[in-house]
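Below sits a lone chain in structure tokens, taken as the form predicted on its own.
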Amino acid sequence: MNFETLLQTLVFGFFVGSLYGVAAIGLSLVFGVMKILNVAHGELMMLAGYVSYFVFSLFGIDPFVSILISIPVLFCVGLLLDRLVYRRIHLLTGEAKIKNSLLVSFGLSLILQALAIQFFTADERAIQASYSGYSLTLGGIILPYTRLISLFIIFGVISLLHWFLQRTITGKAIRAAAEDAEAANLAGINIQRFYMLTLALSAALSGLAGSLVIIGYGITPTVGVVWLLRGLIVVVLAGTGSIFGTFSAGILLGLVEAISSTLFGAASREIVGLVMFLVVLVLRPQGLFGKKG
């Protein structure tokens, strides 16, 4: 492998890793704040992809502009799911909360998959914008316009989320609830309300990720499982507590997968993430960027 091929591989790995990162941040946010493992997160991404697809195919709205629709739509879906599905789980604590959230969200994911197959069929859908085949070439390295725009949007949204959590009163309340829910409740913070907002923010992030996935890869009713597994691997690699740590772990996974698939074939791409997952769980359970409990 020459240097130019290696650099091109790393660039595409970076692009893919950025999607892993933004997909995992929503999972990390819900687990870090609410201690809920929402395995239906991938199906929310799938729904967002279909929102962008139909907005594009029916109304001709640019796929990147459709993100302005998919994010608020999924935000509202998150609010609805919290009230209808997760509300009683908030009252649980410890392992019971994690186990029940896992079972409930797994059932929810199966329902969403079945509904998607029923209404959208099992056919793969993708978006081909007029500029999809265009790219920027720098020093022999190909940079597709769609990937560059996606990366710009991802950095913007993550920076905005970081500012929101660190600088606003609402964001500080969410962090207080994550740190110590009982103490936050005694301080006058409505824990249930901020849990609902956290789940809605997580769903909104899945809306962003799902819309970007259909632009670059296409979707089917079962695509959520693939992205959920990547998201879970990234969360384990990163640990909880840092947005940029989670995003960096996504980049790391994308780079390692890209290099391994180039050196050892595409089949190794599926294995390397699981190997990293197991190694980190054994050697550093708190994650690469997490703090020791």
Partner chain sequence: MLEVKNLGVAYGDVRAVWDISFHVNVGEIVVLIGPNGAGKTSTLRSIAGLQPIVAGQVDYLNKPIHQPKLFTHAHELVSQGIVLVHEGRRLFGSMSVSENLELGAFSPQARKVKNRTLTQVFEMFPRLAERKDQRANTMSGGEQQMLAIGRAMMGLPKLLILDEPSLGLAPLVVKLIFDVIRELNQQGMTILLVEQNAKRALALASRAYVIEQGRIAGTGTGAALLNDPNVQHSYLGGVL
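Just so you know, these numbers come straight off a predicted model, no measurement behind them. Residue numbers count along the first chain shown, from 1.
Beyond the structure shown, there is the form predicted in complex with its partner chain, which is absent from this document and is the topic of what follows.
At the 4.5 Å threshold, heavy atoms of R175 reach its partner chain in the predicted bound form. Contact check for G139: no non-hydrogen atom falls within 4.5 Å of its partner chain in the predicted bound form. Of the heavy atoms in E182, some are within 4.5 Å of its partner chain in the predicted bound form.
Among residues of the shown chain, L112 is not one whose heavy atoms approach its partner chain to within 4.5 Å in the predicted bound form. Residue in contact with its partner chain in the predicted bound form (any heavy atom within 4.5 Å), chosen from Q128, S159, Q166, T93: Q166. Listed residues T121, N190, T222, S132 were compared with its partner chain in the predicted bound form; N190 is the one with a heavy atom within 4.5 Å. Contact with its partner chain in the predicted bound form, defined as any heavy atom within 4.5 Å, is confined among 102 to 110, 167 to 175, 73 to 81, 202 to 210 to 167 to 175.
Looking at 128 to 165, no residue comes within 4.5 Å of its partner chain in the predicted bound form, counting any heavy atom.
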